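Single chain ahead, by itself, as structure tokens, in the form predicted alone.
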Amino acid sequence: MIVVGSGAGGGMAAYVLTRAGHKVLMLEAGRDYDPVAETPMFNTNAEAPLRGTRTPDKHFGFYDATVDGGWDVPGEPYTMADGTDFLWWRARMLGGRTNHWGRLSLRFSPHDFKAATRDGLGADWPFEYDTLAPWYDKTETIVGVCGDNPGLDDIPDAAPGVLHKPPQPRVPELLLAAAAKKLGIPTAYMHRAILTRPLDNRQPCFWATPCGRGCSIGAAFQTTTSLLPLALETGNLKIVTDAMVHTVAVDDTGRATGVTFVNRKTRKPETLSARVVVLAASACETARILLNSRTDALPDGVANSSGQVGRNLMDSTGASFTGLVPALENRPRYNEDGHTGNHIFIPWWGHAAQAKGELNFPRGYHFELGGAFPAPGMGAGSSAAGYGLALKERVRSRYGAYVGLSLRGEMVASDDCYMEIDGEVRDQWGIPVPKFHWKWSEHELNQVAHGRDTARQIIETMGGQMHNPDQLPEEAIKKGGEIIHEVGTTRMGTDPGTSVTNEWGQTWDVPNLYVMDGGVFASNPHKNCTLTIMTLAMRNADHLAQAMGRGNV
């Protein structure tokens, strides 16, 4: 069979299918990537151009683990409708976005799978949380996730022994937690896909280098140091990189027969046949493939009898709130690195208030807390006035005294947010590109306003002052696609008329064509989507493997 994509969904699908004895050919649009040889874990910013700061082609800094790709990929444009401001991230490399992601690994909760039943917005998932719970346990065991079970309704418990021990909170995080507690807001250890004990051939984190650069020892999860090597060990996986898949072929009986791709090295098209095709190219790329697979018999593309391919495009909401806390000034210096990301966070605490109709937005959000002694960068003194010795002393005193609360929230699927194929623009490979339509609704803007006011309360409770406390939500909210959590473009459901796949990721129209990336999400809860992409891929690949074993696919 063919699996398109080597990231979270494709990597997990290949892992499960090869271990079940099936032969898998994996096609990756990007280049080959060796995380051991290519990860600049120990390089300092002083060794990089511009001291490692971000640039238009390296938004997350010179050492960002996405060695090929980003929001702007040379020769691979995308277009936007009038009034749309959308960003589409592509990781053109083996392992996809798992080389780069923040590794936040929060389970979706019982509230998340049936939100539409409560508020009438969007769509429910075709199963309950309990259906996925044992698969979350299996995924977290294989991936390696640190955290704990705090007993909160927004964070379902893992089975005993599954989670690794989390690192201790930093001083600013403890102060943030204390302030939140005074306001009746809980905090919890962040669940993150970083090892704190050995797993397979991967080593535990030694708290020394930025995870965003990648991790050659495998402590920070990415498919290139875990799922793909484990699948290759079975002898059942072959990986072909630089294979830009653009269409799926379907025969007269309605079955997929294979895919066509452009070989990025030779720039020539190649066609491969397969018994089963699994698309896991990322939500927008998979939808693009299906829409571009149009023929005279299928003028709307493959697996699109519902008209839902490309629709229901969702991203997480995002906004950042920062402040200066005088109580943290001039504190003793010590190593506060940890696993570079936040050690604790504020999960959503407002389910009861929403049930009572006390909030003017329907879905929740969380805060990722920031505050530590970071590696100083080019902007270390940008917020301090003056010059000379006085400026230096002010910068030193404020080092480690800033805190941040990054909001990540759920948006509701909207008819205003979707992608289609641009009929006039093609990329350098000759493939028609996506055209995006995007507009935040009042639901999301009201949510960000609530987050702004809550962040201000927390920072002021710490004795600090928030920067720009009256910022309008339209100004604070990030662009669509900027959080890099696009999902929903091939959503699953129970009705072939309103969804693209069933609960197993099997397309309604083409029985041997599966989708195993975030496109199948029926909604986009406020948690990072990667853990659930992998969990669904594990469950659905297991179901596919069994069906193939019985000859039913």
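Don't overthink the numbering: it's just position in the shown sequence, from 1. None of the values given here were measured: they were computed from a predicted structure.
Keep in mind that the form predicted together with a small molecule is missing from the display, and what follows is about it.
Residue heavy atoms within 4.5 Å of the small molecule in the predicted bound form occur in exactly one stretch of 399-407, 161-169, 290-298, 100-108, and that stretch is 100-108. R92 belongs to the set of residues with a heavy atom inside 4.5 Å of the small molecule in the predicted bound form. Mapping the unseen interface onto this chain, A541 falls outside it, with no heavy atom inside 4.5 Å of the small molecule in the predicted bound form.
When contacts are judged by a 4.5 Å heavy atom cut-off, G310 does not count as touching the small molecule in the predicted bound form. Remark: S523 does not count among the residues lining the small molecule in the predicted bound form, judged by a heavy atom distance of 4.5 Å or less. Proximity to the small molecule in the predicted bound form, defined as a heavy atom within 4.5 Å, singles out one entry of L369, A280, A303, L227, which is A280. Checking L27, L513, M492, A65 against the small molecule in the predicted bound form, a heavy atom within 4.5 Å turns up for just one residue: L27.
Each of V4, F60 and I533 places at least one heavy atom within 4.5 Å of the small molecule in the predicted bound form.
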